[in-house]
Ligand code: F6P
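Only one chain comes next, encoded as structure tokens, the form predicted on its own.
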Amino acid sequence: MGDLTSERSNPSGSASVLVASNRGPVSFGTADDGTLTLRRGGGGLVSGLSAIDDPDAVWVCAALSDADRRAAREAPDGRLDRAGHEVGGQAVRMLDIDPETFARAYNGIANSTLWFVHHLLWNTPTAPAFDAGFRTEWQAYTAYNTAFAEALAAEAAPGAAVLVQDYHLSLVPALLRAARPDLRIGHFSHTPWAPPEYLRLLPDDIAEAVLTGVLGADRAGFLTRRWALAFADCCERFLGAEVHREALTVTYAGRTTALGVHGLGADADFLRERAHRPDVDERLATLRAAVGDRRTVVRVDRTELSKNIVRGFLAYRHLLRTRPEWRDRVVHIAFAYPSRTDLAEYRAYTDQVRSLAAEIVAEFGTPDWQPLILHVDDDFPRSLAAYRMADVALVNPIRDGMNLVAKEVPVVSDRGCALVLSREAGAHAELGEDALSVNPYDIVATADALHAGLTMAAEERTDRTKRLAAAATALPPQQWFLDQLNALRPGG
């Protein structure tokens, strides 16, 4: 790593707008002949950045695979656009971070520590245990954040706006401000934020480093006011910062950071067009053939601990056990695509999901009725097909920054869909009025909500779906991104 502060006196870049995120807009593979192959990604950030009409915008991201690292090494200063790669007309700088450093930062801290603390996931009798190995991982996380800060400092023009994304890069705003105080820096948290009582599980110096890292930004953005206020509470409790909850500001060490709330919405135009392409129609026909004229309960998730798939299955089992009238009249369609398979907890959780699904099929299935259809793989067209045919959508996370599935289903539903929604999902702030709200830990109440959704009158379901879709698309990805960018600029 170079001397980050050396960038202070010599801002040398030309980028007026920069985005930093762990995952970038493209990824690489290796063909049979050894050449690199490129795949463009999707999601809110990719859609959002496309809204920038600025030829000098730069996206800084990490190389996530050996092929990515090779592409980054072969490009001048990691700039994929300057190496001739087709990156969608965007300038992309991909960082070739040492694989061991990256693995420790990404798996050890970002996904096994910060993700767990913000989603309240630890089994506290046994975890966490912050030993010497954790400190090694924290050093790697610091080095990883420093690499991003160095790249941003080098690419940024004087006074540029920098939008840093998520818990992977919690330390970047403060590191970058130390090097380039001329920049306008924003940080956005796509996760919930832990309440003080849970954040204090972290070692004191680590909790303070995360908070002061984000406070290096001029503006810290969150998906809901609830998460913004949780961050403010932590700053007040841990740092003694001055907090104004109505104005949403935190003042610490002579600087004030504004807090912003931007509830990322679904991209309605894209979803509706994509949901009616031939590949989706084919999958829809296959699903309908499997389901017959039965009702459907649909869920689409990653096999992520916070998504609460197991309790969702338990609620469906309780529905079938206690309301036998639904036997042979409903099918639960569950698409759970693999997540973080390099972490033992996630592999074990995926095994538990498969095992419970098999138990439900064994208990209730007949030669003519499969009560639960589970696929553990990623098939976006199939997910859209399931959205279209869902009578009830089950979205019951333990805790979620937003949850876009809850917003996507009403947008593409063919006939209207009842939404059973956890009150712990960020989306509940916008959708709760027209959803069937549940405590994600309450299996009996969730089963009751499934029954209410399955028996909801068609007219009511249609009316609710229209209102849900309107709320879900209120802030589409491009506007979500531009609102943050405009708020960072002088007078914003």
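If you're wondering where the values come from, they're calculated on a predicted model, not measured in any experiment. Residue numbers here begin at 1 and follow the sequence given.
Heads up, the form predicted in complex with 6-O-phosphono-beta-D-fructofuranose isn't pictured, but that's what we're talking about next.
With 6-O-phosphono-beta-D-fructofuranose omitted here, the record of contacts in the predicted complex names 189-197 of 152-160, 189-197, 312-320, 75-83, defined by a heavy atom within 4.5 Å. The contact with 6-O-phosphono-beta-D-fructofuranose in the predicted complex, taken as any heavy atom within 4.5 Å, belongs to Trp115 out of Trp326, Tyr349, Phe364, Trp115. In summary, among the residues His168, Arg299, Lys407, Arg180, the only one with a non-hydrogen atom within 4.5 Å of 6-O-phosphono-beta-D-fructofuranose in the predicted complex is His168.
Site residues Arg23, Tyr106 and Asn111 are all in contact with 6-O-phosphono-beta-D-fructofuranose in the predicted complex, judged by any heavy atom within 4.5 Å.
Contact check for Arg283: no non-hydrogen atom falls within 4.5 Å of 6-O-phosphono-beta-D-fructofuranose in the predicted complex. Interface membership of Arg382, defined by any non-hydrogen atom within 4.5 Å of 6-O-phosphono-beta-D-fructofuranose in the predicted complex, is ruled out. The closest non-hydrogen atom of Arg340 lies within 4.5 Å of 6-O-phosphono-beta-D-fructofuranose in the predicted complex.
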